[in-house]
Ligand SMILES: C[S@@+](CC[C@H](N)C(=O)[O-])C[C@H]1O[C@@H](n2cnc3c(N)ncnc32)[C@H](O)[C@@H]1O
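This document starts with one chain, in the form predicted on its own, laid out as structure tokens.
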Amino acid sequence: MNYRHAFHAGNFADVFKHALLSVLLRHLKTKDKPFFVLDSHAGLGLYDLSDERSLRTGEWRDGIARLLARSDAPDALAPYLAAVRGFNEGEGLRWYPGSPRLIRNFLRGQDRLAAVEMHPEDARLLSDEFAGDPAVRIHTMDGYNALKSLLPPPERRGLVLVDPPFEEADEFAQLARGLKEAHRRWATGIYMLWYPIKNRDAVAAFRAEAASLAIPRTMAAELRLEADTPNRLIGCGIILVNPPWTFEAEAAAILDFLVKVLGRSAGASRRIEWLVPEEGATPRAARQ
């Protein structure tokens, strides 16, 4: 409960995570039927990059600021960049949307968001921001417990975002258990689980554990900004279950661009790999 995302808003990890999240949300909007989104570790709705905490670290300057300065972004990034620009009309770059605000930007009248935040102050601010919005409900509780209590929703379609702060030593194990339990309750949902890349062995073990769940159509996508360095945050990744059919190609275009724009050294790379393909399919990987 000590983690405060205001120090890190708009950094490379946010760019990676929110760009891919935007692709998934855009796909959910292509069908008329309503969808539900559960954001299990929501944080705040909107972050002020002129706030003292953001200025102290300046991480957004090597993240979202670099992307917005480019004119050669691939089409797959357009929904995400348009959303960020929409919060900054006439102000340059001051505001960065956290995941609940970004998700809300994609919702239609028939869609719903359940945003879960355990930090009491952040939960209060989040409730104030979305007060009176019938599409959004704020829950002050543990995000992993929300995977049990809020699933399955009435809607058959939707997305579960699990983006923990990684303060706990067993966070990877909690992620795997959470995915297993949530998918058992709601097998038709899309699941997106974010993780940092800091310890190569821990990441490899987590990927293996996710694969061992044997959930069909489980994919991993990763961005590394530099070559592996022990005990240094060099990238991040997601485990994704039930991605749309076109997601792999769109994610590849986005990650290729992020490697070019955000990479710190010649060791920057990306990887997209099927951990568990669709039943009857042959595993395949796309690496760079």
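Quick note: we count residues from 1 along the sequence shown, nothing fancier. Just so we're clear, the structure is a prediction, and the values are computed from it rather than from any experiment.
The discussion below concerns the form predicted together with the named molecule, not included here.
- The stretch in contact with the named molecule in the predicted complex, judged by heavy atoms within 4.5 Å, is 156-164, chosen from 156-164, 81-89, 207-215, 181-189.
- Using a 4.5 Å cutoff between non-hydrogen atoms, residue 133 does not count as a contact of the named molecule in the predicted complex.
- Contact annotation: residue 119 falls within 4.5 Å of the named molecule in the predicted complex, judged by heavy atom distances.
- With a 4.5 Å cutoff on heavy atoms, residue 43 counts as touching the named molecule in the predicted complex.
- Proximity of residue 270 to the named molecule in the predicted complex falls outside the 4.5 Å heavy atom cutoff.
- Within 4.5 Å of the named molecule in the predicted complex, a heavy atom is found for all three of 5, 98 and 143.
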